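Read the single chain below, which is given as structure tokens and is the form predicted on its own.
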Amino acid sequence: MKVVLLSHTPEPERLVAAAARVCYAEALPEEVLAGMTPEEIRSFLARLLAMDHLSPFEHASFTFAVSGVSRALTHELVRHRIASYSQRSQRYVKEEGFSFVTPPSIAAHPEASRIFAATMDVLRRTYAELLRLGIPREDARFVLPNACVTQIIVTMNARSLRNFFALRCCGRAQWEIRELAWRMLELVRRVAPGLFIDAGPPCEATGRCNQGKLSCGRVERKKREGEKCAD
């Protein structure tokens, strides 16, 4: 898996803080934006987070390039609706000799790994044979597996990203998208720490789990040990 932060809104923290301040200021928006000091920015962001007033966060956006991931992952990723996606098309790009992602549980089991790899090889040959017979790529792709490697461009605003991190950094998230979420969180924290200082699974941000009976039990274990929950 490779994750690159391609671009982001210039000075995202300043923009978010200024957007919040404009609601209460008499000055023009561009004057508010230019006139805020680093201390005022930090103060506004802290207040917004404390009040859970996150609509100003929607003004800052971040674009990622994600490659070396499975179609299974991207099927989960695109369920996050407040976002923009551009993915490699299996209608137009030939997938002969496609690469694939092997789940860790399979990779750790020699016999399962052998069966899995053999199945991928059969699907490669089947796909190539369908193309040879004149079947269009858009129809031949029906035999391609969820494991097939793909690449995708993702753009989300800061508010949507915070929601994405809360859901997908959680220990109960599927392993591949959880790895993606943590990598994305690391990247945005480098350029906008004030927007994502408390982002991540709720157990880290609040010390509480919202998964109910499906909880992994981490919060309770940490409470028994007298420690703060951490991944």
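On a predicted model such as this, the values are computed, not experimentally measured, just so you know. All residue numbers are counted from 1 along the displayed sequence.
Beyond the structure shown, there is the form predicted together with another copy of the chain, which is absent from this document and is the topic of what follows.
With the partner left out here, another copy of the chain still marks one of 193 to 201, 180 to 188, 49 to 57, 35 to 43 in the predicted bound form; by a 4.5 Å heavy atom cut-off that stretch is 49 to 57. Using a 4.5 angstroms threshold between heavy atoms, Q151 counts as touching another copy of the chain in the predicted bound form. Not displayed here, another copy of the chain is kept clear of C216 by more than 4.5 Å at the level of heavy atoms in the predicted bound form. Another copy of the chain in the predicted bound form comes within 4.5 Å of no heavy atom belonging to A205. Contact annotation for S99: none of its heavy atoms lies within 4.5 Å of another copy of the chain in the predicted bound form. Residues of 177 to 200 include none with a non-hydrogen atom no more than 4.5 angstroms from another copy of the chain in the predicted bound form.
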